[in-house]
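So here's one chain in two forms, each on its own in structure tokens, numbered structure 1 and structure 2.
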Structure 1
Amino acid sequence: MAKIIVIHGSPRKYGAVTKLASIAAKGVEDAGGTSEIIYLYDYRIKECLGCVSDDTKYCRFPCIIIDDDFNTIGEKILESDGFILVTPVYWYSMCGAMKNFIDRLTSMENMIFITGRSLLEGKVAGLIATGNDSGTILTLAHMMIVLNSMGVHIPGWAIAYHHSMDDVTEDDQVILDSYNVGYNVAKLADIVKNSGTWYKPDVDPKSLASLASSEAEKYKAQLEERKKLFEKLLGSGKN
């Protein structure tokens, strides 16, 4: 049974983010999982201090910023099998509060350099964005690649979005999609449970580089042919 955290990123609890978060939570439950909604604005999440750029050893979990609530939410994510971020779209992107939260997740990812493993590796995530105007895909594409770079799996159909002034409850597509974000995150989280670690660092780059070079070497004649062609074209044109 997958445990999924739903992170609600809007200052407005009576609006679209709450609606879509609750639909995603229903999807989680229908897939046999349990869900908990965290309202980000109920917590104080300070800005990241960028300590990792001073010395990578400073950036670890729990985050060394201990006078706010990030670590509390971090612990919940740590104990979960996956999570769903639901954000309002502010200027074609997640809101600043959600961005600060993402920035602070670095403390969990950077454990790669402390213990060898990102604390988010192997978790499963989904993403929902809602706004009055366009920009949802830029928002979601950015969030998706960030999470993936922290070691998080993204199931098919892991996104839902709404980009209009109409109420989200009148938009069947975002309703079905949000439900499926919940359903698929919980389903994949169940499936990948107990599948061990993912990133394999113990590979010899030298031997892979050598294999790569031999493969490219096979085509070196193509370079000569191309150069011959380009020289001929250069001469023939008015260039």
Structure 2
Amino acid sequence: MAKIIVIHGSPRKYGAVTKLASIAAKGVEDAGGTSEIIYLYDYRIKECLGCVSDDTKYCRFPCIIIDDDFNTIGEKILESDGFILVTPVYWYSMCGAMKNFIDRLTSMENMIFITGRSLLEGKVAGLIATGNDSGTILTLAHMMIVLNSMGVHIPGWAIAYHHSMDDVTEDDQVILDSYNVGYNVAKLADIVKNSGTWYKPDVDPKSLASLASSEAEKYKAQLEERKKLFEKLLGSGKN
């Protein structure tokens, strides 16, 4: 049974984010998982200090910022199999509370340099963004690339978005998509649970570079052919 945390990023508990988060949670439960909604605005999440830029070993989990609530949520993520981020769109991106939270996840990802493994590796995530106009796709793309860079799995059909001033409950597509975000995150989490490591840091980059160079060398003659083609095209353009 997958345990999925739904991270709610809006200060408005009566709004669109709550509605879509609850739909995603229903999807989790229908897939056989359990869900818990965490309201970020019920917690104090300070801005990241960027300590990793001073020394890689400073950035670790539990985060060295101990006078806020990030580590509490971090422990919940550690105990879970995955999470779903649901954010309002503020000026074409996620809200500030969600950005601070994702920045602070670096403390969990950076454990790859402390213990050899990101604490987020193997977790599964889904993403939902909602706003009055544009910016939802940009927001989702931003969150997806960051989470994937941290070792998080994102399954198919694990994003949902709504960009309209109309109530989200009038948008059948975002309702269906949000449900499937929860359903697919829980489903994949069950599949990848206890599946071992996903990132191999012990491969020799130089041997791989040599392999790549050898493969490219086989087709070096193509360069001369392309040069001849370009010179011919340039010549045909002369008066």
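By convention here, residues take numbers in order along the sequence of structure 1, the first being 1. Predicted model, so just to flag it, every value in this text is computed and none were measured. Between two forms, the rigid core is the largest collection of C-alphas that superpose within 1.5 Å.
The form predicted alone appears here as structure 2. Once the cores line up, the CA of residue 216 ends up less than 2 angstroms apart between structure 1 and structure 2. Relative to the superposed rigid core, residue 13 undergoes a CA displacement smaller than 2 Å between structure 1 and structure 2. Taking the core as the fixed frame between structure 1 and structure 2, we note the C-alpha of residue 230 moving 3.0 angstrom.
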